[in-house]
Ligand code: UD1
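A single chain comes next, written as structure tokens; it is the form predicted on its own.
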């Protein structure tokens, strides 16, 4: 049995932001959400987030997380003080407590499983995650014997010059036998440079304590400023792209491509340079994205193509070609085997299969049937200054170039709109509609230059 406690009370002053540090995003999720995701496979009996700075904002941002409890730390007086806030919440509990930091977002679930396994198999009072850093400056040092039994932990600010030569650092991730920890928590002191209650002091008051070195020290890198956030993003992107390339995805020039961890890809997808995949995007097999495309929270079907285009909150079905320079947004939905060409914008619009909007058009709040052809420069005038209005276009209907469809409007099946027409009234099936001024030619006319 294990309870997880996530430290998420700090402001993060070095971020130079009004946003709590743990709510800054990394690869499509906030820092603290990434920590929560890493412990899900552990199936903890309880999850607790210890909040303080802008506690209401943090709680609101995490309200979608099921079975997450919030514990308030009104003053931020150190990690030991934060865990002291759990005493009334865990009264009578006899299992283990896993302590994580909400600003350490790169920890792998496998690492946490290893930490728990070592802790439980050796029946330790405490087990701490450690790492051998090339440059340990700023981290507390851990001193162990040959069997990884911890003998001393010293914070960086309190280290002597000799102690700072030790490269094994405390990652700030702990697993405690709660009954042992609960006994010593009330007796923590502030005899240190920061005058704070350190959780590391509790480690020295229980026994036995072991350390577990993480294989990849990058997992335990914390986020304290924007530079560290950017570095963590690089590490995360490397992981994500290596995973997808191993799964049969072609990334042409991976260094110019970014992919959120929440994106789902299928084999034989090709991602061209300077393309970016965000949010809950799904791209099916055989599709080609880019170059130069941004896709966010959207579905791209099999064998589709999206070139130099932006797609957000929308659906593109199999075999459809989008771009170059198209913009689909507001829950646009394009059927199979369509063409959405250059300089076309679709907003809250549904297109049936085998339909084309080839160039220079805007369709908003529109529902179009199958085999519809929208001529160049056609727009739906869907906004009257107060409300948005719908346009419905039937199957096999075709609009001529530079047509304006003034909503609300219903066009039937097999309707032809003459070029340059402005349509304001509904049209029934099988009609040719001409709505433009008659051409007038005045022969022999010449401008009087005087």
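Keep in mind that what you see is a predicted model, and the values were worked out from it rather than measured. Residue numbers count along the first chain shown, from 1.
Although not depicted, the form predicted in complex with the ligand is the subject of the following passage.
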Contact at 8, 73 and 172 by the ligand in the predicted complex, all three, heavy atom at most 4.5 Å: yes
Of 304, 82, 311, 346, the one that lies within 4.5 Å of the ligand in the predicted complex (heavy atoms): 82
Heavy atom within 4.5 Å of the ligand in the predicted complex - residue from 244, 354, 299, 198: 198
The ligand contact in the predicted complex: residue 111, any heavy atom under 4.5 Å: no
Contact test in the predicted complex: residue 291 vs the ligand, heavy atoms, 4.5 Å: no
Any non-hydrogen atom of residue 139 within 4.5 angstroms of the ligand in the predicted complex: yes
Partner contact for residue 364 in the predicted complex: the ligand, 4.5 angstroms, heavy atom: no
Stretch from 257-265, 205-213, 99-107, 371-379 whose residues place a heavy atom within 4.5 Å of the ligand in the predicted complex: 99-107
Interface residues of 205-244 toward the ligand, as seen in the predicted complex [heavy atoms, 4.5 Å]: 222, 224
